[in-house]
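We begin with a single chain expressed as structure tokens, specifically the form predicted on its own.
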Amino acid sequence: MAGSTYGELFRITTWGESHGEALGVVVDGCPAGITIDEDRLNEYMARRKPGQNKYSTPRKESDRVKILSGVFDGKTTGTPISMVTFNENQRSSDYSEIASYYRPGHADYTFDSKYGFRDYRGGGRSSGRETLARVAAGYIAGCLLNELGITVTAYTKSIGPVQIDYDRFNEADIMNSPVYMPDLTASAEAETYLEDMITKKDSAGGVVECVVKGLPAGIGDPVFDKLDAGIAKAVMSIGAVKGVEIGDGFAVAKTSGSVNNDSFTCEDGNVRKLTNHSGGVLGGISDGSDFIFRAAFKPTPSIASTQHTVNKSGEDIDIEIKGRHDPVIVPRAVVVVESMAAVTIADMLLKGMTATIDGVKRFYR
């Protein structure tokens, strides 16, 4: 199976299945000398851990990551960083019935069509559990970015019809909200909405917003390897993401050039923009402003309500999916979006070092 490796210079390869023995990731191309704290890595991992509240699957996993290589005395060595998490609470029997039919909204049918075989226990490689490996890699990438004063912060912008109010935005409240919203009033409203969805045996979708601060101008390339194109690919590779927008996104289709264009000014010899409709990227290259993007997540497809589908014999059937499932994917996906952004930007930063001969000379002199 191809497609489990992402990145060029800062490269990650994830492996493992939802109900296999373990999942993990190999991070290659990480520079030596970066401080890595395994305890902080596991605190970062806890943000996507299941079973933390009623809005996530009750599957109980510690999701503790063990670093196997590439780190010595708390510093990266420049060699491949291998990390593993062992599954502890698989209940494959929950999925035995699924082997005979295709769940609506899942990859069951398409996976079977491509490979003629599928791991029906939680979806195998198609499971959202694969993202824990991405989060482990994202922590490493984030440590690299922090060395350069770059921060990546993601949060829930909306769940169903409930959206944050930017007048109440408080970054410190993200970690105080069960659904990772920077607006505790909206968070309470979202929780009420989710309670209603749970009662109805239904699920909800939502939007994750991500802001990258401290990114210098000049990151990304102008044709196929645009910064925004790279982010779009990275984020769209997360299961359940159905749309990505940069800056003002789809709203630009309803505005005009005189409004949408960001005027430039110069302060203390530095060029900056007066507004940021572009979301921090122009022509595929970062412009020094905050880089802002959003990801739209569909509702969790596994719901307890009756759904219509077909079995592998081609017969029409009605099903009620059993097992342990999230009523909403968005809160646990926040750190996944953050991680894929960090990995993408780390890779582009390293590639940008050879953009000019002066940069090469500075390094080798």
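Everything quoted here is computed from the prediction, not taken from an experiment. Numbering starts at 1 and follows the sequence shown.
From this point on, the text means the form predicted in complex with a small molecule, which you will not see here.
A.B. asks: Among 183-191, 155-163, 70-78, 232-240, which stretch has residues with heavy atoms no more than 4.5 Å from the small molecule in the predicted complex?
C.D. replies: Heavy atoms within 4.5 Å of the small molecule in the predicted complex occur in 232-240.
A.B. asks: Establish, in the predicted complex, whether 105, 325 and 329 all lie within 4.5 Å of the small molecule, using non-hydrogen atoms for the distance.
C.D. replies: Per the other structure, all of 105, 325 and 329 touch the small molecule.
A.B. asks: With the partner left out of view, is residue 128 within 4.5 angstroms of the small molecule in the predicted complex by any non-hydrogen atom?
C.D. replies: Yes.
A.B. asks: Is there a heavy atom of residue 29 lying 4.5 Å or less from a heavy atom of the small molecule in the predicted complex?
C.D. replies: Result no; residue 29 lies far from the small molecule in the predicted complex.
A.B. asks: At the 4.5 Å heavy atom threshold, is residue 298 in contact with the small molecule in the predicted complex?
C.D. replies: Residue-level check for residue 298: yes, a contact with the small molecule.
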